[in-house]
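Take a look at this single chain, the form predicted on its own, given in structure tokens.
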Amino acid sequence: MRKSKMEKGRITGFIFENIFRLSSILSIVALLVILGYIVYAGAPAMFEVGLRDFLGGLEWRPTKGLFGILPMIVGSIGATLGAILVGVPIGILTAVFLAEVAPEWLARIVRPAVELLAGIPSVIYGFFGLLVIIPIIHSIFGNGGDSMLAAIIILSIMILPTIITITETSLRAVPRSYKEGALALGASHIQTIFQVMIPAARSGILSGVVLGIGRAIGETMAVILVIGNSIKMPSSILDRGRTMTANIALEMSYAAGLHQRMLFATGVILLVFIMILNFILLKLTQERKTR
């Protein structure tokens, strides 16, 4: 009887091991298929138009054969950088508050609210920006209100749940002995948080920041509703602009031929940006481990 149970256990383990292996293979295959198709559809068109004209061109006029995406690259990078500058400090400080400062009763209120932010559809964020943030910006600065600034504010709010959740988890994963040792040496609670806990949780915090950046640079619907969608080089955060994702979403429904392939080429550039972000994260993590 005992032998039959052991045999059954080995068979069950073998089955589940292969299920896990198959799942990982399917995930990799799905990624490769998506990457392969986008590169196959977009890369040839990119070189057909000319890499210099595509990446450095200031005009996007498909009817005239002009496919310059530099204003949209600047729009995407500008909106993402603005969201990082606003959202990352708020997110990290909120995570520190939840993990180390807030009383448990207050943390039980704030934490579900943060999780609820993650579940709100992006179009709702866009409506909020359209009906609340844009009128406020217009009342202060004029110019209609739909602008890079509106997109930055919306994206800052949207990346908060990712950064807060991952940063809090990373802080709680730091060994308790680190904190106790710092306090025993005479450091204050705040000094311990910023000089011991946060540096020790650096890898996890960076992961949260990179995921937040990926969310910001890939966001479409909310940005479309608030940024103004003007294909021009923004000179300030109060100017209207257009991101690469917004351009793809707005024009893919009616694009055909070279126009459609150039939208796929824009997707290739987005993939390159995401790959660069992940490469930077990997390098920073490796440097941290070697110290």
Partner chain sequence: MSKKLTVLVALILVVLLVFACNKPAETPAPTQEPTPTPAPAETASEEEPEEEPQETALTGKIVVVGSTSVSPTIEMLAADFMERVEPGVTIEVQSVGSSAGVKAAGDGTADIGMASRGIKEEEKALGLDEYVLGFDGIAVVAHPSNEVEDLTSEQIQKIFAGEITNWSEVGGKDADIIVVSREEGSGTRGAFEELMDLDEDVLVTDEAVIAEGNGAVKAQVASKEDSIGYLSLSYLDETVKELKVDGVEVSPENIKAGSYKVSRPFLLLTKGEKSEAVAAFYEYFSTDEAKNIIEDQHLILQ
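Positions refer to the first chain, counted from 1. Treat the numbers as computed from the prediction; the structure is a model and nothing was measured.
Not on display, but discussed next: the form predicted together with its partner chain.
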Exercise. Even though its partner chain is not shown here, does it sit in the predicted complex so that L35, R240 and E251 each have a heavy atom within 4.5 Å?
Worked result: yes
Problem set entry | Any non-hydrogen atom of P62 within 4.5 angstroms of its partner chain in the predicted complex | yes
Exercise. Taking the shortest heavy atom distance, is L282 within 4.5 Å of its partner chain in the predicted complex?
Worked result: yes
Problem set entry | Contact of V49 with its partner chain in the predicted complex (heavy atom, 4.5 Å) | no
Exercise. Is S236 close to its partner chain in the predicted complex, meaning a heavy atom pair under 4.5 Å apart or at it?
Worked result: no
Exercise. Just one of 176-184, 140-148, 161-169, 93-101 has heavy atoms within 4.5 Å of its partner chain in the predicted complex; which?
Worked result: 140-148
Exercise. Since the partner is left out here, which residues of 210-238 would have a heavy atom within 4.5 Å of its partner chain in the predicted complex?
Worked result: G228, N229, S230, I231, K232
